[in-house]
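Only one chain comes next, encoded as structure tokens, the form predicted on its own.
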């Protein structure tokens, strides 16, 4: 018997990527899906999918929501905070799958990334856990890249510098980055050959600081710049985005002893896909070939890139991975700092393994379990 599944937040940036992936993988063929909306209740769903209900339902209708076997939400933390507790308080015992961060720290929730913690997920399902959450984008991408080292308990500590695309903040931020680029392009004056590049740069820098420069969402320029701060401040000088690295990694891995992880998270002027630079202290001195083999053998998506210029600039960039499930990792080299230390650089599509794909695979697991 097909399970009844509610899909909320399918129009947003993560939800739309998830929807396309589910269509491509024919996931809708094995469920009876009901689409919900917070603003277009009663309208016909604007795409063709085989399901019983063709009308968009009210995302705040407790009666309909409580009749479902599974709810998958990409609507955001505000919606989850409001509706999740209401449903649980009336005794709804279905599965809740969520893209937002709100439930990640809950004791009875599991952060899902099945290529890394499938056995742990299954154990929790058998124990009766019903709440499953996608992880922070950079954490999930890091674990996909370095999963083999974590699996073999080889990491003593890890420092990561992230270079995160506008897509991590949402569609409004992506659009604003484009508006900033457009604003800058209008100020270019290459026709005046008497102007030096320094004159052009001076003019652009001056205009970027103007009050009419588009910065409603970022609050400061991102195009032609970067923002070394993501999310709110927490303890010890960290931002919440940086705090998530240690907390979520250890929760996903279900570690008995905390693996120390810290870093600096930076927003850069790319539209999609996050990059990360790792400094890793291993518990033992391994050869580079050994490290590469351990990394490469962990899952079918991670791709070790040779540490040379051509392979790096062609395969280890956001442009190279946009829209792909591949997780390339390169620039792998031993450090002068310590014989057990090495560095690496990885890139991954923030909207796929960083957001939508773990949710899709969790839904599929529950359907077939």
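Since the structure is predicted, the reported quantities are computational estimates derived from the model, not experimental observations. Numbering follows the first chain given and starts at 1.
There is also a form predicted together with a small molecule; it is not shown, and the following applies to it.
- The closest non-hydrogen atom of residue 346 lies beyond 4.5 Å of the small molecule in the predicted bound form.
- The small molecule in the predicted bound form is approached by residue 136, whose closest heavy atom lies within 4.5 angstroms of it.
- Within 4.5 Å of some heavy atom of the small molecule in the predicted bound form lies at least one heavy atom of residue 230.
- The small molecule in the predicted bound form comes within 4.5 Å of no heavy atom belonging to residue 272.
- Of the residues given (117, 180, 75, 164), 164 alone sits with a heavy atom within 4.5 Å of the small molecule in the predicted bound form.
- Just one of 253, 226, 154, 169 comes within 4.5 Å of the small molecule in the predicted bound form, counting any heavy atom, and that one is 169.
- With the small molecule omitted here, the record of contacts in the predicted bound form names 136-144 of 136-144, 109-117, 203-211, 280-288, defined by a heavy atom within 4.5 Å.
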